[in-house]
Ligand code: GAR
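So this first bit is one chain, no partners, the form predicted alone, shown in structure tokens.
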């Protein structure tokens, strides 16, 4: 049997990049057996690019135009080309504010992960911590899932629960969810690195 291919992650993000930093830290602390191949952003001044460059990780702005909410057409092809150029064999979406389309999904089948600030399938979509707070749930959290053609519908890999406190605001709840996100994402990526994710239909089994 041939040796398992080392995990080389291409990270896509649009904002501050705190989950990107958690992946960088997990690799440095030997909790995640992987390399970051590159960091790509659709926002030229995104902090995630600055974080990557501080760690000497290749970082590029690639415009998503003319679309505003999806990665499609020539822009999608530009992202695929960049990921391949840097030798990425998996993709981590870390606050990437675009819907992924079939071209990218087909280029990295079963190897694109996303982090979502809710216990999916509850509260998909935008600002899910605000949805949870408005609904009045007692527990929410975060989910790492494989990306499919739907919106936050892919098979679940790792979840972390976060209690909702009586005096929580949207800001305090989101901050506590992010603490758990920073644990969950490296954990899920390590399962991928170890080749332990078996996908059957809409389910993930850890082998």
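Since this is a predicted model, take the numbers as computed values, not measurements. Numbering follows the first chain given and starts at 1.
Just so you know, the form predicted together with glycinamide ribonucleotide (GAR) exists too; it's not on screen, but the next bit is about it.
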| item | value |
| --- | --- |
| Options 104-112, 74-82, 89-97, 132-140; stretch whose heavy atom lies within 4.5 Å of glycinamide ribonucleotide (GAR) in the predicted complex | 89-97 |
| Site test, 183, 187 and 190 vs glycinamide ribonucleotide (GAR) in the predicted complex, non-hydrogen atom cutoff 4.5 Å | no |
| Residue 121 within 4.5 Å of glycinamide ribonucleotide (GAR) in the predicted complex, heavy atoms | no |
| Proximity of residue 153 to glycinamide ribonucleotide (GAR) in the predicted complex, heavy atoms at 4.5 Å | no |
| Contact of residue 178 with glycinamide ribonucleotide (GAR) in the predicted complex (heavy atom, 4.5 Å) | yes |
| Residues within stretch 104-124 having a non-hydrogen atom within 4.5 Å of glycinamide ribonucleotide (GAR) in the predicted complex | 115, 116, 117 |
